[in-house]
Ligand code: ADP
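Take a look at this single chain, the form predicted alone, given in C-alpha cells.
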Amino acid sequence: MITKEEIVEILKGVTHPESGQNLIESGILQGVDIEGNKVVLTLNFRRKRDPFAKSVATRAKMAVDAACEDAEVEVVSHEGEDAPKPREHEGVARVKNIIAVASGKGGVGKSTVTANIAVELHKAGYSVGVLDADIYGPSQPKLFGVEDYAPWAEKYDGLDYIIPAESNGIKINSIGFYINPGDALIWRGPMATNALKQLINQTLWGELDFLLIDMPPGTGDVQIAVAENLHLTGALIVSTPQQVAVADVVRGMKMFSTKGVEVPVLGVVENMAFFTPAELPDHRYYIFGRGGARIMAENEGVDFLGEIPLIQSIAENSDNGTPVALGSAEEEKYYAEVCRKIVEKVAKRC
C-alpha cells in the first residue's frame, strides 16, 4: 500500500496554474489520510470561488490514482476556510461604481466609446478611471495621448502601488504601458488574468465615482476573471448595426447573465450607426445596416442607450490622443446622451 510520504512526493508534481507552486509549496495540501485501501486528500484553497480549484483537485486525484491503482482516492476541497490570508492591496475598495464596457467582437469601436464616455462622466463632475483590460490589444494609451507614460510605484499604507497615468483628470492604467508597442503579447489565459488582477488590485485608484473597464472582445478567460473578481455595477454593451456584430454581441451578453457571473447589463450602444457628410447635414447613410443593435436590444429586453454616428473627427481625435468628447459640441452630444442614461440607470440601482 502507498505511504503518506509517497503521496506527498507525487503531489509535488501538481501545481496551481495561478501561482505556479505545487500543492505542498502553496500549502494547499492540508492532509493525507489512509485507511485500508482508501486515501483521502484534503485540499484548502485560499480564495473562495477559486476558478482553478476543481481542475487542481481532479489532477491531484488522477496523480494518486495512477500511482496506486488498487486505492480508492477521495478529494475533499475547501475554499477560503482556515487559510492564512495575506494583507491585501486596497485596489478598487474606494471605487463606487465599476462598469465593464464589452462587445462580442472586435472592431466595433468599444475602446473609443469607453474613452469618450469617461470624458463625459468627468465633465459631468464625477471622478473617473479607465482600466484597459484588453490585454492583447490595448488602445487607451493611444486614445488619451499617454503612450509615453512610464508607470512607477509608490508606497501607500505600507504597500507598493502602481501610480496610474492621468489625462484630462481621468486616471488610466493599461497593459500597454508595460510592453513595447511593436511586440506581440503571447500569453496563455492564466498569465493574462494574473496581469489583469495586478492592474486591478495594485493600482492606486483612490476614491472614484466610476471605473470603466475596457474589456477585450469575446467571452474568454479575461472576461470571466473580471466578472468573478470584481463587484461590477453593470456592463455596457457596444455593437455596430451589422448582423454579424449583433449575433456576437448576443453571445457576449449571455455571458453576463450566466450563473456565477450574474452582472446586470445596463444597456446597448450602437456605434457607427450612420454616416452624415458635412456637406449634406440632412442626409444619413446607413453603411453598416440600420438599427441592428436597437432591434437586438428590444428582442433581449435590454435598454437601448443611443446611437453614435460614423464621424471623421472621432477617428482623427482618437489618433491624436484627444477624445472627441473634449471638443466639438456637435460630436460630443451623442456621447453625452449615452452618459446621461448610464448615470440614471446606476442611480436607480443604488
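Numbering starts at 1 and runs along the sequence shown. Computed from a predicted model, the values in this text were never measured in an experiment.
The protein also exists as the form predicted in complex with the named molecule; that form is not presented, and the subsequent description refers to it.
Remark: residue 169 does not count among the residues lining the named molecule in the model of the complex, judged by a heavy atom distance of 4.5 Å or less. The named molecule is not shown here, but in the model of the complex it comes within 4.5 Å of a heavy atom of residue 311. Shown alone here, residue 315 lies within 4.5 Å of the named molecule in the model of the complex, counting heavy atoms only. The named molecule is not shown here, but in the model of the complex it comes within 4.5 Å of a heavy atom of residue 112. Proximity to the named molecule in the model of the complex, defined as a heavy atom within 4.5 Å, holds among 245, 272, 236, 211 only for 272. The contact residue chosen from 139, 127, 97, 193 relative to the named molecule in the model of the complex is 139, the criterion being a non-hydrogen atom within 4.5 angstroms. The chain is drawn here without the named molecule; in the model of the complex, the stretch among 22-30, 36-44, 53-61, 303-311 whose residues come within 4.5 Å of it by any heavy atom is 303-311.
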